[in-house]
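Just the one chain here, the form predicted alone, laid out as structure tokens.
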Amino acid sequence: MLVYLTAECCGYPISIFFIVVNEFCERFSYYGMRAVLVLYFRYFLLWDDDLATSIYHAFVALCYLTPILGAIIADSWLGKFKTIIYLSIVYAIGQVTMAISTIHDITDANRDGTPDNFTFHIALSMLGLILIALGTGGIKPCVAAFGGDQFQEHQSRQLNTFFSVFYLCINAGSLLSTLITPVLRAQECGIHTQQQCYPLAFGVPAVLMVISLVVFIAGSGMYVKTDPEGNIMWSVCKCIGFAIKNRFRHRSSSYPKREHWMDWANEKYDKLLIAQIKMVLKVLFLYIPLPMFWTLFDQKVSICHFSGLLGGLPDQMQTVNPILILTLVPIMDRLIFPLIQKCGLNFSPLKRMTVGMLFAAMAFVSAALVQIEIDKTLPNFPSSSESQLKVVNTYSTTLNVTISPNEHLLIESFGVQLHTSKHTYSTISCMFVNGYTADLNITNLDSIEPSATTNYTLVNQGKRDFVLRHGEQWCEFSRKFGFGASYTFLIPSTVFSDDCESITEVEDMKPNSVHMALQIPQYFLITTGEVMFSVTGLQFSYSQAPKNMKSVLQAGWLCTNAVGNIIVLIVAELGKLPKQWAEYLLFASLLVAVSIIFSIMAYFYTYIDPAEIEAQVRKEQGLEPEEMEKETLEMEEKDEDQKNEQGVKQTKI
């Protein structure tokens, strides 16, 4: 007999506070890393948008497939406590590995601010992401259930409150991390050259994951730890497999048909298990169209094309989602849904989910409209079969440049011409062109020889000061940079005699003029859809599942998210649309079509009471009334004894 002593505070087990803090730190770590992940792919590893998006969604899909592995390990071998410990260690190692991969100085031998060996950084970051996916996904089905194990049977009210607080910690961690990590990324750091500080942006989430692990271990002596009881998922799979195999063996018309194909497992498996599987399969069938919602929802990070916002950073726009969640959940539960019910409308859970999917579709229509406005401000880029040639005249007089075979460009002194020709695509970015007669040193940039250029350089939004120096001569040049703009600065031979005032500016790309606040409506729509779809879906799945198979449906629910991210990868590869807004409308149209299909499936669905069905099956097997009544009386007596216990210390056997 194992005896656990659990201390209480305000009616709650003290061990719960360790679990809640652990969840907050872990969610901060996960969402903080995700907030800057796509930007890391684009601007550190220099991947294009399609590759960055594909890797991002592959990572998210893996995070929602590994919960199945975590559930099997916890139920079959290690138990929830040890599974959380071991996979959290894997998780922390992954975060540290990811942070190390962002240190550009590791391979920057020539100290130009750019890694010399991208293969090393890519390999290290991919290893880190795999370890993170195994860790965060593996502990996902265990932490909440482990928290529920800490409550005794007389603490049902506190148990319900715990899950609310647990959900609150998830969003609080998400909110703070998406506020803080973009600020950390925007700092400049480095050993030899100063660059955007991705090591700090990924390092802080790594530290939070280590803290999460330490906090969880600190509460070890207070936890109620249950041993593995066998994997119900494995039993379900074996029963389904036997039913299919048995049905195939008796496919001849000479064998009488059975009411349900799972009834072919009657020869080997208990009728109660078969009845429970039928209930689960009925709900899983409804899950089939649901991945399309996650296909749209999880693109709210990867498809963002941000414009300038005074005092804000583009990747901080993601904080709108958790803020709206914390606002909309109580409004929906306490105001909107009760008001609809008072109006006499039957707004059932499946109807709520359908409406949530339509809200998500409207969010992408809104995103398409914003993207159309953004496209109007963009310059004409060369097509995939073209390239651009930049010709700079640093001579003192006008030059006539002939480009074979017979195209002529007339360029004034210290002027620039762009020539487009059929070839492969190349990009143009901000740089300095040295027209001075000797080498120049420019603050935080390369030293450039006469008639040469600096490397393409990314600079922060706002005012930036540059000091140009040659020996004892120097002058300061200042420029205010708009978000999304690109410039070429031409330095004449008279740069020091006129105190840098003769530097000529060429605006290659205008600053963004579309305000980032225009994205708020689409965030409101997608978050409203999330509240109506995700929260309602969890409640529906829980209410329609047998008591011993709620984890099975939980794993199935998480898998719909994984499949949704896989769909993003497939559609992105097969449906290469020339315009971003057209891709948004494509996804919105697909979700509307899926919503119609789901509404038809929901119309024919009959809500059930799993406990009532289980009681009926037990009665048919002769377990009622004697056995069930005896069990009920024993449970009532146990509850009454627990209610009479006094003091802070409680004993659970």
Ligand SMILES: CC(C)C[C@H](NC(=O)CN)C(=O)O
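As the structure is a prediction and not an experimental result, all values here were calculated from the model. The numbering used is simple: start at 1 and walk along the sequence shown.
Just so it is clear, the following notes concern the form predicted in complex with the ligand, a form of the same protein that is not shown.
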Check: Would Tyr584 count as touching the ligand in the predicted complex under a 4.5 Å heavy atom rule?
Finding: no
Check: Taking 4.5 angstroms as the cut-off for heavy atoms, does Lys140 touch the ligand in the predicted complex?
Finding: yes
Margin query: So, Leu558 and the ligand: in the predicted complex, are they within 4.5 Å at any heavy atom pair?
Written below: yes
Note to self: Using a 4.5 angstroms cut-off on non-hydrogen atoms, would Asn321 count as touching the ligand in the predicted complex?
What the structure shows: yes
Notebook entry, point to check: Which single stretch, out of 601-609, 66-74, 24-32, 44-52, brings residue heavy atoms within 4.5 Å of the ligand in the predicted complex?
Noted result: 24-32
Note to self: Using a 4.5 Å heavy atom cut-off, which residue among Met357, Leu87, Ile325, Ile274 comes into contact with the ligand in the predicted complex?
What the structure shows: Ile325
Next item on the list: Consider the chain as shown here, without its partner, and state which of Val514, Val433, Met549, Ile170 has a heavy atom within 4.5 Å of the ligand in the predicted complex.
Entry: Ile170
Check: All three of Trp294, Glu530 and Ser534 touching the ligand in the predicted complex at 4.5 Å, heavy atom to heavy atom?
Finding: yes
